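Below you'll find only one chain, the form predicted on its own, shown as structure tokens.
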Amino acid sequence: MTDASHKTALNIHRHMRARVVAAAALPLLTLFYLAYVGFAFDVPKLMREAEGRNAAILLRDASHYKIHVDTPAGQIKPSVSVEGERKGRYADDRLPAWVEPGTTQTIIDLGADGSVSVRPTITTIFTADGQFEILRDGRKLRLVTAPDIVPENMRVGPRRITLTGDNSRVTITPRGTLVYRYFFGWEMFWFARDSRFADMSLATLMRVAAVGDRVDPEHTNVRVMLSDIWHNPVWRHNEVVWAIGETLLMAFLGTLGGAILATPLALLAARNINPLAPVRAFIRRVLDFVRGVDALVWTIVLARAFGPGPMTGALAIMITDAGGLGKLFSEAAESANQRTLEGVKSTGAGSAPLLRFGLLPQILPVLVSQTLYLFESNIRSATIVGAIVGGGIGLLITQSLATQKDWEEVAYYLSLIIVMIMFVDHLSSRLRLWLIHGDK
């Protein structure tokens, strides 16, 4: 074996050994990293303290509505309302069938969870685990009658006793008894309790819309129905539509402005377009700076400078997008086919025709695709930005989260955001194909 062939064999052997070591080291490094994350983030403690029941309650609150039966201490007459809303209060003569007020007590049927008897000073809960009789003694509560073992779903304290069932919750305090009962769906989504069409079934609504007597002599029943839905005081559909429009406007203006700013900056940062290295380096650092600061931070800075509002959110998105799109556009320009550019240049074309006929046709699909993708992404960003600057659907989500009870409204807003992104994704795909391929 010659020296050359021996050296070649050794090199191949070293190369193969390095490949084997790398293949073995990668899984070991991954396991080490995961072990470090588990230690640094204290994952075992997180798993021990995780409350799966709380997650189940949150999901139920998002997909169900609660009817509140609130009976103050010393009384037996309850106040019944949907989600505790004054706008969703039931009239005293139109209470749900499972709430039976009487002269000495009010009986609340909880279905499979049992029932509750409310008297001026004593509340009795009847469940499959037994009977629990709670007496109000001044500012304290006492369990007068109870089984020997308190069930896990019951929390007993001197000033609060809570029993959580599968479809209900009972909370007793010195101030009174509050009973929640869950029902699937979003109550009052179409008509609020004060609407003349509340409690009507779909068949009844269709009959009233078609042949029923007019509830308003000046307008048809269909128009009154649509007006009640549009001006629903609980779900505020008119405000939600306006908020969706503000969110789209923030995302569109921010993306469009970012793309316009990024285009000249990208050309100045591209090596095959701008031969001046100091200028390229300066432009790249500017792009790094505006891209390195998140839109959320720009939102806070601009809100302090210009005040809250949708326009402030659009400016924050525009600044961040200018940095991101500038980098992507400059890389697309640098990857353009140089032979095409040289061919256009050989015809004696100047800088403008060179960019128009040599560079733009090559990078246009990339520019359109990246800009439209960022537009879809900015809809989500505009939601977060709107929560800070007070505009768009993000503001409504913040208001609902602040109450810690309107989770079905949060689910409604999130569903609208998902539908909006799906619609924009479909529209942007069609627009991208039309810009790239024309009428094909």
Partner chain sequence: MTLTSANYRSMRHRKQLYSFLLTALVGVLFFAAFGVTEDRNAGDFLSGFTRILDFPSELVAESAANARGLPALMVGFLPALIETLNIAITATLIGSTVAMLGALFAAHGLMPSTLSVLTMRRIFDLLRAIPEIVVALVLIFVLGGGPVPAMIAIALHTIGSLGKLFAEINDNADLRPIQGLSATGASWFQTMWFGLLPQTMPGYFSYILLRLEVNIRASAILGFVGAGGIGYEFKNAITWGQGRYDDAAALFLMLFATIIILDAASGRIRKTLSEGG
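Superpose the two forms; the largest set of C-alphas matching within 1.5 Å is the rigid core. Positions refer to the first chain, counted from 1. Every value quoted in this text rests on a predicted model; they were computed, and no experiment measured them.
Keep in mind the form predicted in complex with its partner chain is missing from the figure; the text below concerns it.
Selected contact from 72, 96, 130, 309, since only one has a non-hydrogen atom within 4.5 angstroms of its partner chain in the model of the complex: Going through each option in turn, the one that passes is 309.
Selected contact from 185, 278, 292, 147, since only one has a non-hydrogen atom within 4.5 angstroms of its partner chain in the model of the complex: The residue in contact is 292.
Contact test in the model of the complex: residue 18 vs its partner chain, heavy atoms, 4.5 Å: No, residue 18 sits far enough from its partner chain in the model of the complex that none of its heavy atoms falls within 4.5 Å.
Residue 288 within 4.5 Å of its partner chain in the model of the complex, heavy atoms: Heavy-atom contact with its partner chain at 4.5 Å: present for residue 288.
Close approach of residue 378 to its partner chain in the model of the complex, 4.5 Å, heavy atom: Looking in the model of the complex, residue contacts with its partner chain do not include residue 378, since no heavy atom lies within 4.5 Å.
4.5 angstroms heavy atom contact with its partner chain in the model of the complex for residue 134: Judged by the heavy-atom cut-off of 4.5 Å, residue 134 is well away from its partner chain in the model of the complex.
Stretch in contact, per heavy atom within 4.5 angstroms of its partner chain in the model of the complex, of 206-214, 97-105, 249-257, 156-164: Stretch 249-257 is the one.
After fitting the core, residue 215 CA displacement of 2 Å or more between the shown form and the other one: Result for residue 215: no, shift under 2 Å.
Is_shifted residue 224 between the shown form and the other one (CA, 2 Å cut-off, rigid core): No; residue 224 is a residue whose C-alpha shifts by less than 2 Å between the shown form and the other one when the cores are overlaid.
CA of residue 302, rigid core aligned, shift of 2 Å or more between the shown form and the other one: Shift of 2 Å or more: no.
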